[in-house]
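Coming up, as structure tokens: structure 1 and structure 2, two forms of one and the same protein chain.
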Structure 1
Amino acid sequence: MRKYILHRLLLFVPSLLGASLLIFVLMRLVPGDIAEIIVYQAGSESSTVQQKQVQEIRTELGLDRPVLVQYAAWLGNALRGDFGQSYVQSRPVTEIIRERFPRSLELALLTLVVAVVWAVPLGVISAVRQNTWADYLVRVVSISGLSLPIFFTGVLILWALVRFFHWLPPLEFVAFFDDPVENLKQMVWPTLAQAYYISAPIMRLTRSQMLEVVRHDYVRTARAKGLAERAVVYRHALSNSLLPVITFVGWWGGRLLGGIVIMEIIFSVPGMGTALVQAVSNRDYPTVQAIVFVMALIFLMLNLLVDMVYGWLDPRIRYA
């Protein structure tokens, strides 16, 4: 197991470097010079003054240096947690991430917990009671979840809250540690909308994997030994069915931590997704680079965690 973990950690470093290089290069390929954008938006008296201001800003931002030198400086600062200053908000980008990330983290964790707690047991029930009314009901719920776009589910929930309960999302976000009750009142609705959408493929995936596993010889052997059906299903069959489900949940966890922009906009949750959209629209390159880098780092860490869980659930993987 130790060798397996070390191997995955060694793969993590070049993956992170490759992602950071790709992010940096793509941002440099975006049309437009941020120095000119800042100057011409602010306005000046003459073109000579404008050109001088452009050169001063480019020097201040280090844009007059070679690209590789810029990348090395940016990566070194990023690894120390320094992503520079936001052009638009005139404050450190780290402060923006520190402010927005906990909100996306809370929404992502709530969504994943609700989705997994709801979807995995229903997928198991659908598999072990195949072609019964319970199976048909779970399949209808999962197919409806796959069919409805996530933005439509969010809007439908919001319409029902306004129509029947006269409730609108508050304009000001309340942090959990400031007022837990008010915070959960805000977060429960985007959580349910996203969890319903995510739980649908988890149900289908769990059901299909369980149907495949319960036909294996070792499951029939466990039943022949006289083990209780619950032990056969949850101890033997389910643990071997969860590998694809864990992969899917890990992938969605990265997306959620990056921020589901539509849900954040509909329910007024100022998280990472809305911060990224605002930074892109304002061409706030340091903020865009920092948020995308953090999102890539989260994806890689979740992939590493999924690999560790794989090795724990299935010893054949870590010894392969």
Structure 2
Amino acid sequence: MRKYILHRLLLFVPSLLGASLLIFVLMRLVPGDIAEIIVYQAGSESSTVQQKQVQEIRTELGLDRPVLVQYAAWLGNALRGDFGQSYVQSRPVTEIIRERFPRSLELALLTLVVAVVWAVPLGVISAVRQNTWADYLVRVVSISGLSLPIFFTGVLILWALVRFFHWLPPLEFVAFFDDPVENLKQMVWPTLAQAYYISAPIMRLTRSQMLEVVRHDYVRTARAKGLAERAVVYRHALSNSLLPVITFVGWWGGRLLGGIVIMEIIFSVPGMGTALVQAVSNRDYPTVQAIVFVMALIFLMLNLLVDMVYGWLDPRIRYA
């Protein structure tokens, strides 16, 4: 097990470094560098003054150094928790992330919990009562969840809220620890919309896994020795069906992070996603870089966690 974990960790570090270098280089592909953008967006002065300003900003930001040197400097600071200064909001990027991160984390956790809590039992019911109306209902719900793009479901829910309940997007975000009720009122719709989207494949996978597992010999043995049906389904069949479902939850982590960006935009939640979209359209590169870095870190940690849980649950993998 230790060797397995070590191996996973050894893959983790280069992936993260590679991803951050990639983003770093990408942000420097922009036609006309950051210094020019800052000056020409602000400036009404003559071109010679602007030229001089561009040079000054370049030296100030260290843009005149080779890219790899810049990257090393950025990485060194990032590891100490300093992502530089936002170009648009005049404050450190770290402060923006510290403010936004808990909100997105809350939305992600709520979504995952809601999705799993309703998808797994529905998947089980659908498998146990195969080819009954309950099964068809679950399948229709899950297929529609797979086919409707998340931004369309989100917008439809928003429309229904506005049209029938005269709901208005919250003007100000309330943190959970300030006022839990008000906070959950703001979070409930983006959570449900995204949970609907994410639960569809979980439902389908649980169902097909259950259908496969209940045909195994040990399930027949469990029935034959007179165990209650409930015990057979939950103790024997379900616990063995969940293994692939768990890896799947990890794989969906990526879509979850992407979905959060969309949900935050639709339901005006001021989280990491809204910050990222704003930063991209404002060309606020330090912020884009930092948020993408943090998201890659989370995504990789999620995958690492899933690998470990998987290895812990299934001995065949860790010894392979």
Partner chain sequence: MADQTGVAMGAASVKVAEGDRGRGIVGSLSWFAARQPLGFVGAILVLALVVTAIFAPALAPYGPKDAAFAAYVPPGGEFPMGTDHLGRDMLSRIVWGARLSLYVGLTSVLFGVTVGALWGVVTAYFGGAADTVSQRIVDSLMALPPIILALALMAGLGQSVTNVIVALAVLLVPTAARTIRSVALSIKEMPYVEAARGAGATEWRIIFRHVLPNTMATYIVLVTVNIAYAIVVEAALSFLGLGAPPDEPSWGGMLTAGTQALETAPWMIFFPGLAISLTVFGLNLLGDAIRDLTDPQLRGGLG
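What we label the rigid core is the largest C-alpha set whose atoms superpose within 1.5 Å from one form to the other. All values reported here derive from a predicted model rather than from experimental measurement. Quick note, the numbers are simply positions in structure 1, starting from 1.
K.L.:
Where is the form predicted together with the partner chain shown, in structure 1 or in structure 2?
P.N.:
Note: form predicted together with the partner chain is structure 2; the other is not.
K.L.:
Core-aligned, does residue 216 move its Cα 2 Å or more between the two structures?
P.N.:
Yes, because once the rigid core is superposed, the C-alpha of residue 216 moves 2 Å or more between the two structures.
K.L.:
State yes or no: after fitting on the rigid core, is the Cα displacement of residue 94 between the two structures at least 2 Å?
P.N.:
After core superposition, the C-alpha of residue 94 moves less than 2 Å between the two structures.
K.L.:
Does superposing the core leave residue 227 with a CA shift of 2 Å or more between the two structures?
P.N.:
Yes, its C-alpha moves 2 Å or more.
K.L.:
Quote the shift of the Cα of residue 240 between the two structures to one decimal place in Å, the two forms being superposed on the rigid core.
P.N.:
On core superposition, this C-alpha lies 3.2 Å from its counterpart.
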